[in-house]
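Just the one chain here, laid out as structure tokens, in the form predicted alone.
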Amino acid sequence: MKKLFTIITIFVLGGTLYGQTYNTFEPSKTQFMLRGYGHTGFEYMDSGDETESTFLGSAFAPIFLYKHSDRLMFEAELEFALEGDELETGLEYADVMYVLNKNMTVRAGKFLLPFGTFMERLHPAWINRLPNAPLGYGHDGIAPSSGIGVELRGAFDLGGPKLNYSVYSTNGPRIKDGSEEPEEAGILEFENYEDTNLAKAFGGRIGLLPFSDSSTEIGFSAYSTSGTGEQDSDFEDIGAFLYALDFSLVKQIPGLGGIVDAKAQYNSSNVDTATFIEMHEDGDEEEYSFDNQSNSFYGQVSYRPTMSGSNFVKNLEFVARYSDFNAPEGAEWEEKSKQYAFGLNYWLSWRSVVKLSYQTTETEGGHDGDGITNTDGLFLHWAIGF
């Protein structure tokens, strides 16, 4: 009996029988968290020739966070939105991260690109102080938002000032050659899930927080590729170089009785000159090219009277933003636009906000044709983070 008890004890309490070790009392470091945000609202748009008034279907963006250990983690965000009469779904990002040390983290998969700060940090509905993005972002925008690849990022404390950095390589963007959408010939598509040539995109951002209170940040971003067309096509060697400058200031100013939040970003896109084919109504073809350079800018300031004695007043926030977008002359999508937006927000909690906004946009050219179009819009949105 004593011999049998000894054999059972070796097997259960950590013996190496059959090459296995058992320890059922070790605590697990695995953690799972569900976060995200949602928003809905009402919009009224008047462009003179056309007027639109509609309630917006709700949008839902769950974020899944999984911690396997102190060093290994995974994150993903899904998007569900009602657009027109359809439910659109999308994968905003999904990447695995590994912490090398306190100054370096590597991640791989699909991730938001640190090209400036708006798309990576500020675009979620409950963080963005206005109901929509500035000009130059989104569809037909020139700022890349996400990519599939690998990234190394981190930060350093400089003894008061702080420095953060990111370097990455992703599948390069794809240039539209005009064969399917002639009016968009020359536009870069950044949602390139499978690379169509051997060229990859390389980029990075460096940010400096010069003050010890980290109230101010200045950043520079770059993004480059040596080829944007499909392999063995006429556009294979058409390269592109993009850069961005960004600025952020968040500071409570006693003299103003509240918090001032200022943001700005300038984007520049330079694509090598290419030759495209224009089809005329009579069936004739004509070659054309243009200097494919675009730029956009936005500057935004908000003020929240957090030092007020009234709970209602301290939850108010006043916002103003200017943005512009300039597409290349000679392109089918040639455009010069500028927009002014003003907003009044009320914060129900630190992560739930009701936004009332008015904006006016002047567009010259664009996909809608020649001439100048003035569009006024009134927006009422409710966003919540969880």
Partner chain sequence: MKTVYKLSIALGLMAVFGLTVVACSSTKGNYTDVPNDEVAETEFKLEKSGAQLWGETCNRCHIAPSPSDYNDTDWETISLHMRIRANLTEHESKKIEEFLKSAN
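Numbering follows the first chain given and starts at 1. Because the structure is a prediction, the values reported are computed rather than measured.
This next part talks about the form predicted together with the partner chain, which is not shown.
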Q) Hey, in the predicted complex, does T196 get a heavy atom within 4.5 angstroms of the partner chain? A) no
(Q) in the predicted complex, does F55 come within 4.5 Å of the partner chain, counting heavy atoms only? (A) no
Q.
Given that the partner chain is not shown alongside this chain, does K67 nevertheless sit within 4.5 Å of it in the predicted complex, heavy atom to heavy atom?
A. yes
Q. Contact between N101 and the partner chain in the predicted complex at 4.5 Å, heavy atoms?
A. yes
**Q.** Triplet H39, Y44 and L356 all within 4.5 Å of the partner chain in the predicted complex via a heavy atom
**A.** no
(Q) Within 4.5 angstroms, counting heavy atoms, which one of the listed stretches 237-245, 173-181, 78-86, 140-148 is next to the partner chain in the predicted complex? (A) 237-245
Q | in the predicted complex, the one of G160, G309, P254, G90 near the partner chain [non-hydrogen atom within 4.5 angstroms] | A | G160
Q: Would you kindly say which of A264, A133, M97, A125 lies with a heavy atom within 4.5 Å of the partner chain in the predicted complex?
A: M97
(Q) If you apply a 4.5 angstroms heavy atom cut-off, which residues in 102-121 are near the partner chain in the predicted complex? (A) K102, T105, R107, L112, E120, R121
